[in-house]
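This document contains two forms of one protein chain, each encoded as structure tokens and listed individually as structure 1 and structure 2.
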Structure 1
Amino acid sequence: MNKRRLWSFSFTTATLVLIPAAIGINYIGKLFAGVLKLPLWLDSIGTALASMLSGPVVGAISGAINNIIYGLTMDPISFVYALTSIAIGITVGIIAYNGRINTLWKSIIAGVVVAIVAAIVSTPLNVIFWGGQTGNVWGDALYAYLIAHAVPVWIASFLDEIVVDFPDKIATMIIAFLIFKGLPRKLILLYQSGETIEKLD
């Protein structure tokens, strides 16, 4: 059968139009978390959805452009965290390929994997720019406690990050899964179909 390849670098118009929508969803998640004073970021739901619909490459690009735009309009340091967003896009894209995020449990497991990847990529950035902190109150409190007890900066920083990433990425993947499940078949087919026209008869 004619199906889109995992590492497709062909950007159809539909995949390009998906990117701004994904970034808009990231922003909505962030707003939602802020207004409801949730102790989470929820700022990569759109990136995850782009990956689930259209694969790791489109997901990664959505993540990167998300941070570029956030950097240009809110907080310039967000630029460097484009690397984390790219990693999230790629990870979700790979896991989602062949419909491997199709139950609530699987989406939770995907959330755990994504959290670990995100923390691994973010930690060096946190160390370079913030001496290892993340800017999240709970994470940074843990960090301060750990380095006060002579735990190496890298480990303290990784733990600072992952304390926040675990609940955040699990919630992100659950929400993305619930939204994806509600999308019309027409739309999912559009993104999954291959690149050639068959001849009938």
Structure 2
Amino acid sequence: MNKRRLWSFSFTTATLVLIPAAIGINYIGKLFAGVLKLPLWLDSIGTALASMLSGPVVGAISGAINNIIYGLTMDPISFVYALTSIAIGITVGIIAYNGRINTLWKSIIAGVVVAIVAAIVSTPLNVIFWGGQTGNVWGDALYAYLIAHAVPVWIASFLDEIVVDFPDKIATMIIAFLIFKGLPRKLILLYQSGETIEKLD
């Protein structure tokens, strides 16, 4: 895959099918985590998979549309976190392009990188719209403790976010990697050139 292909906005039929599939995976993951009240979000699995298959542009679009749909149907605040989903899609797509998600261990490392990126993007949004909190029980408990001990809001908010993003994004990348490895090679070839397949396999 050359650089033009990496950042291409020219979508094939296969790509147009992948985007709604990725959105569906994201949506189901978020609903699953919400219903079970898990200390995770699990709303980026489809975004990560789309990025691994078709690059950062498709992953970013899948993630952003998912936030828009979820914002329209479940929680309006989800709209603003489309920015985080775009950042996740771009990050995973670049990591995958460079062949850094070809083993389970590397998918875990990728999850750590994605978690840091997501926390950096989400923290200002949390401060603006939630007073620094994330809406996650575990993270907000840490936030309350830090604020009670005079830790600055921005630092407390970042730590609130990262304490949830680490396990969430690591789980997300592991699941996306396992799905990717389970896909038929012919299906993967619909999305990627031989060079990219060699990097990701």
Partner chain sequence: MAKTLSLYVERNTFIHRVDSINKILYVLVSVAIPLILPYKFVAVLLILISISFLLLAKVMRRVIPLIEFSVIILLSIVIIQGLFHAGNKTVAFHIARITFYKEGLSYAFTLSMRVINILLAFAILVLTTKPSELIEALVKKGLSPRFGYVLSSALQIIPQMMSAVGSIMDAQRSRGLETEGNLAVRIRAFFPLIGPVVMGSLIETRERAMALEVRAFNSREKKTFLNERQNLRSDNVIRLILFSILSLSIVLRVLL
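Here, a residue number simply tells you its place in the sequence of structure 1, counted from 1. Rigid core (definition): largest C-alpha set, two forms, superposition within 1.5 Å. Note that the structure is predicted; figures quoted are calculated from it, not measured.
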property	result
Of structures 1 and 2, the one that is the form predicted on its own	2
Shift of residue 99 between structures 1 and 2 at or above 2 Å (CA, core fit)	yes
Rigid core fit then residue 166 CA moved by 2 Å or more between structures 1 and 2	no
Cα displacement of residue 135 between structures 1 and 2 reaching 2 Å, rigid core superposed	no
Displacement in Å of the C-alpha of residue 37 between structures 1 and 2, rigid core kept as reference	4.9
